[in-house]
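Next up: a single chain in structure tokens, the form predicted alone.
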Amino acid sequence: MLNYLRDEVAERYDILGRDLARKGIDIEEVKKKISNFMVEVPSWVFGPFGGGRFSSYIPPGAARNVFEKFDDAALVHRLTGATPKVSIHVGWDCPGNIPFEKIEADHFRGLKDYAENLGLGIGSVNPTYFLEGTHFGSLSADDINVRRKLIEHTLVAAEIASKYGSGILVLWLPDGSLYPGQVNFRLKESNLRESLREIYDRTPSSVKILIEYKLFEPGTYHTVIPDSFTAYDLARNLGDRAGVIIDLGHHAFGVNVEHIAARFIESGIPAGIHFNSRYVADDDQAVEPNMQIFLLFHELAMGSVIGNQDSRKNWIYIIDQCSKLENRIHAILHTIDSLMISYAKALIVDEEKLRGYQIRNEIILANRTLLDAFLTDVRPIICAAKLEKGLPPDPVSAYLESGYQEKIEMERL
């Protein structure tokens, strides 16, 4: 069966290769970049976070602790070859159920060792701001004691990132308000800037800080960091080690996310992407290979912030999803496949033809050039890249056949 599959993939790969060659595109180079594509998986996708409805329903077999989360992440990496690092949330992932106020960086030493034994590493580190006592703000809170507690928590997270992680600190604040008059906008921002300044100045020089933004949640009237410009302004005022993370679900409908990415690329600011999908008002669902993801990858590829041989120029790429009902491992595998497909489509755009139409203001012809790449079936490239690495062409099918789901459902009752 495997030999038959290899022959079928090889035939489709050769046909696609000849078609791309006529456009001046080397299919082998595209395949190499797909083989090298890496994205972090979030620890929280494997655990209980993401319930809240249906009596806090959690799909069967969910990880009960951080070590089981890493077990699941290791299985995902074995099936995809694309997820060697796991993004963690300090407040949820500290081994040993240590109280929030007593968490120290060295509590994560054992987790790093455990991860390495699985062939993984700790990736980006997220301080956990949305805990008891932060319902009226975290780093922007009027209460100096709340701010002080969370500043120190962030510095612990920064130390974890420096000593045991990838040196990336991602900050998302649940700060905002529900009604007009509830808060003083300017005071909230002043509090936030003061907190961020202390964090930045006391953070190890090896650590980059990426500031996340969100249109709303939990505040429905306003959020303290509501959009990309606010996050950019905060980061630029901190220094060269601060940047912005773009979360695909954190914008108003109609916002051109790929344009935001292009602006950040042009500015040279450190940046990254939280990959996910949303259909109504939030961002926790698995990625599909749709037009938005394709256009975003096109900007990333054109801007040389993905697949760059100089790894210092690449952005950080993280999956951020954790929906309520679907099997989480199915969902994360589906997302990784979707990202590879979208990336491959972005790499086969006929850039010379596209630029020619742009210069001549041939609006529809330029658009059709992009659509030509988007509508191309690039799965032969993805399959060939996987087979060369000894990976299953369809990771979801391989997972279904592995028996892993049945195993964890039995063990994690």
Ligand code: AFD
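In case it trips you up, residue 1 is the first one in the sequence shown, and so on. Not measured: the values here are computed from a predicted model.
One more form of this protein should be noted, the form predicted in complex with alpha-D-allopyranose, which is absent from this view; the next part is about it.
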item: Options 294 to 302, 125 to 133, 329 to 337, 196 to 204; stretch whose heavy atom lies within 4.5 Å of alpha-D-allopyranose in the predicted complex; value: 125 to 133
item: Heavy atom within 4.5 Å of alpha-D-allopyranose in the predicted complex - residue from W44, Y357, F37, F374; value: W44
item: Interface residue in the predicted complex among K85, H107, K214, K208, criterion: non-hydrogen atom within 4.5 angstroms of alpha-D-allopyranose; value: K214
item: Distance check, D284 to alpha-D-allopyranose in the predicted complex, heavy atom within 4.5 Å; value: yes
item: Distance check, D247 to alpha-D-allopyranose in the predicted complex, heavy atom within 4.5 Å; value: yes
item: Contact test in the predicted complex: D320 vs alpha-D-allopyranose, heavy atoms, 4.5 Å; value: yes
item: Close approach of H89 to alpha-D-allopyranose in the predicted complex, 4.5 Å, heavy atom; value: yes
item: Sequence-ordered list of residues in 146 to 181 near alpha-D-allopyranose in the predicted complex, where near means a heavy atom within 4.5 Å; value: W172
